[in-house]
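The data below hold one chain only, encoded as structure tokens and taken in the form predicted alone.
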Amino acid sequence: MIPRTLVESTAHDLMTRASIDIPADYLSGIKAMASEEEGDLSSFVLRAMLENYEAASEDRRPMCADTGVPRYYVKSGNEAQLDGGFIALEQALRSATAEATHDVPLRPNRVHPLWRTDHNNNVGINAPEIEYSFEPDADWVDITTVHKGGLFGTDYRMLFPGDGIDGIKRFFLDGMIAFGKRGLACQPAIVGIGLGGSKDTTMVLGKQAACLRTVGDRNPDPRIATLELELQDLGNSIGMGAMGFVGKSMVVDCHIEVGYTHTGGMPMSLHAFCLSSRRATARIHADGRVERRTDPHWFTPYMRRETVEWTPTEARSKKSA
């Protein structure tokens, strides 16, 4: 039985680490871009980012004054047992959010959309968001915290089958140019793309692709993996670099996730994370052990399953593909 108190203390720790410590994969990606960037202002921004990351880690203060809107991704093993169930888990996550807002501190960004009511703790109606997925044959619970800006860096378009790959690339370029020219995202960033599903599904998949996959991770479908790399190169070839200045460092990596969709359409969403790729994960085991990491391992073979039934044979084939 996983205690509620352990969930809350773990979530509080994740909130702290996500706001302060840059994941190693993203840091390596930024350093690689900084070494190749030729634009004067873009190079300056990248160097300043790296210096800011070091200062944040040393001072144990958030790496960005705007700490975004905190959200959680919970992956539960099918055999996991929680003290108080998922109601208690959600209460623990909301409590950890409120406490971390004051302890870290995080900027209290959450307000009511109409009355602008502010509880000063990033908690309110449908806040923080909590998304779930599940895994067979496991008794642990993974909790991932993501701090993502909640205003810009997102777009949607309903494409059609006839648009094909060229249509995907066109929308991608349109979006990236708009993000850079209008200051709608903080580049460079991990860019996530959702393809298919319904409109809400494609938006969810795109955001998860941006926030829950690491730099260098490729989609297991080799054709999608190739498209990810092509779009990354396209994004870095439009003449824009860090924070929209002249350069070639706009996309640290590009990730695509797909969902089966209506035969007549091909919805697509586009999401830029931000120059502070803020995420942290912990696995809470049934015996109380807590393992911390920065790779959420969200998109498992089970989550990407295509068949009605899930079998160990399918799991092995997907893992070896």
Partner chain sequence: MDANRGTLKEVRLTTPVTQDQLKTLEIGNVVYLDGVIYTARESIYKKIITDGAAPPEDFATLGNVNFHCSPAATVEADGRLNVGAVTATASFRFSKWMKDWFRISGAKVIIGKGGMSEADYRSLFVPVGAIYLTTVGYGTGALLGRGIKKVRAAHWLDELGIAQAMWVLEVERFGPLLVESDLAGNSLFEANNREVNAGLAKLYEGLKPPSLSRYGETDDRAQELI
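Bear in mind that the values here come from a model prediction, so they are computed numbers and not experimental data. Residue numbers count along the first chain shown, from 1.
There is another form of this protein, the form predicted together with the partner chain, and it is not shown here; the text below is about that form.
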With the partner chain left out of view, which of Ile256, Ala280, Met268, Val45 would have a heavy atom within 4.5 Å of it in the model of the complex?
-> Val45
Could you tell me which one of His119, Arg218, Lys199, His102 places a heavy atom within 4.5 Å of the partner chain in the model of the complex?
-> His102
Answer with yes or no whether Pro62 is in contact with the partner chain in the model of the complex, where contact means some heavy atom within 4.5 Å.
-> yes
May I ask you to state whether Arg94 is within 4.5 Å of the partner chain in the model of the complex, using heavy atom distances?
-> no
Classify Asp287 as contacting or not contacting the partner chain in the model of the complex by the rule of any non-hydrogen atom within 4.5 angstroms, answering yes or no.
-> no
Consider Asn52 of the chain shown here, and say whether it contacts the partner chain in the model of the complex, taking contact as heavy atoms within 4.5 Å.
-> yes
Triplet Ala56, Met158 and Phe245 all within 4.5 Å of the partner chain in the model of the complex via a heavy atom | yes
Heavy atom contact within 4.5 Å of the partner chain in the model of the complex, the stretch among 174-182, 208-216, 85-93, 130-138 = 174-182
Just give me the residues of 25-43, first to last, that have a heavy atom within 4.5 Å of the partner chain in the model of the complex.
-> Glu38, Asp40, Leu41
Per the comparison in the model of the complex, the Val45 and Gly183 C-alpha atoms (change 3 Å or more) are positioned closer
Outcome for the Cα pair Glu54, Gly183 in the model of the complex, compared with this form (closer or farther; change of 3 Å or more) = closer
